[in-house]
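The chain that follows stands alone, in the form predicted on its own, written as structure tokens.
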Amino acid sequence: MGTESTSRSGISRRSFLTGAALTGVAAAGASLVGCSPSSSTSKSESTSNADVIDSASPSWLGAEPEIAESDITKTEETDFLVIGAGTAGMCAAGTAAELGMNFILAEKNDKVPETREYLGIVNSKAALAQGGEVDSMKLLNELTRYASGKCNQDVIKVWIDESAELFDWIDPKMQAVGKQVVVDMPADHETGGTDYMLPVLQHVWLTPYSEPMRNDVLLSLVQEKSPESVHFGYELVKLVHEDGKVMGAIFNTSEGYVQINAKNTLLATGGYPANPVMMNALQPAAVGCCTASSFNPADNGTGLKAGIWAGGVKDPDAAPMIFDRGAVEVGVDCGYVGEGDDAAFPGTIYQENIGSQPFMKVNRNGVRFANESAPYDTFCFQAGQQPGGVWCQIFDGNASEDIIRFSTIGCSAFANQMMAAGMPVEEFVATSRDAGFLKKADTIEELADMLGFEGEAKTNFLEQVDRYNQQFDAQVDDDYGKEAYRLSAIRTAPFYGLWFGGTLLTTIDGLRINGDCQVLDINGAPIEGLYAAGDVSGSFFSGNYPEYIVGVASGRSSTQGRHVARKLAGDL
């Protein structure tokens, strides 16, 4: 996720598996974002553009840092500078290493981030062998529909056309460390109350959370072929740029400021989910429906801001990646606690996977308000319009059988697999159970009290349970159109309830790029020497993460990183 990644110093694999107002700049943010402020190292192509830039600059962007030449303690030279060792950056660096390029990989942390072992791949040999052929043009237009047309189809086509080659490149490396791939074949059934396209895309390496992970495998490749190329502890400060051309970057390191001059620079720095000031300004709807975070703490938007300072243009509309898994105690609201850079979401459980199961979910008034069988963020955004932005999920003693029948896709299918393997539901939600968030009762009335329903809300809740049971008996959801096979009865003790908000994974609205991942300026022209891949790049998503296009974010990021390296090496 993440970059589809989580920091090893932050979220544990156990917690992953188990589980705002605008500040006055948002109005400008929709029209601004794109324009870089003038500075001593950045010149706009025209005086009129510079005037627009200065007048539109939002407070979250700030001024580009000024680093005196005398403060530079060391200067290095390279042909290809990769900034960020996440999903996109490691594929770029691994490709560069194999192709014998002169490159440097600069990462702010002291190790590569942990990655998800999932990739969305279009028409791989492994998928085709199982009958998983995807209509690439239908997929292109489905993604365009998800984005309401606010995308660049040439950017999307790079992933569609080149991801199979990426898989051919990375899979043997994973097999060499004992990880075999499984192609996720979704069931052929109606999904989400409508007929969503469910293409065969997700490729999962077995034992996905055991080391070495994909980034570790690629790091070994890079260090073997080009051991001097990896620089950890290099925190990006700014790009070196002048007259519409990028010529490298300046980093803050243990040795002081280091400048790396480069013929070409790739930003692969992730999104800005760890920057609450930017989130409040640019993504208030996401903030308003989230209780927890599952992002890489290093993804603070520095790369995005650096690209804008260098003349790049940001996607004007928000595109968050939110999963419906932020379990919380009774009474907790969505949104940040605290102010400014110190703001944080209140939830401590980042990924309670069962939240993605389509059980009955109600608001604080005790009533349903949306179809629970929908993409992760769709339900979260629906909940964002309810009191507190949170919802309560209800299930009973037959939950294991229900989950298997629900047959969800993507990473929510982990619940299906665990139930099929015989894991008790309470063990599956052990993190919430041990924290006291999961409520368990012998009667629905007792459960209602434990979940905080009082007065009219309790009456509503009990009536809602009765109505939901009637809908299950009739096998028809005549309120919100949920599929019959995703209805479930609430009659068998014990009864369970758990409050949720959304979990913010990352942001996927970034710098506008063309099909070769070149960053574009305000006039739509490529900025010489500057590329972006992964979550710091844009032109692919808008408004949402297309959850039913499973693995597209990781697949997109990996394919883009490899594409840039191959393009610069003359391998395309």
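Model, not experiment: these values are computed from the prediction. Each residue number is its position in the shown sequence, starting from 1.
The same protein also exists as the form predicted in complex with a small molecule; that form is not shown, yet it is the one meant from here on.
Highlighted residues Ala292, Asp324 and Phe428: none comes within 4.5 Å of the small molecule in the predicted complex, counting any heavy atom. Residue contact check for Arg368: none of its heavy atoms lie within 4.5 Å of the small molecule in the predicted complex.
With a 4.5 Å cutoff on heavy atoms, Tyr118 counts as touching the small molecule in the predicted complex. Though the partner is left out of this view, Tyr545 does reach within 4.5 Å of the small molecule in the predicted complex, counting heavy atoms only. When the small molecule is considered in the predicted complex, Asp315 lies well away from it, no heavy atom lying within 4.5 Å. A single residue from the set Gly497, Gly355, Pro113, Gly347 has any heavy atom within 4.5 angstroms of the small molecule in the predicted complex; that residue is Pro113. Among Ala298, Val287, Val362, Leu487, the residue placing a heavy atom within 4.5 Å of the small molecule in the predicted complex is Ala298.
Stretch-level contact check against the small molecule in the predicted complex with heavy atoms at 4.5 Å: of 393 to 401, 79 to 87, 476 to 484, 457 to 465, the positive one is 79 to 87.
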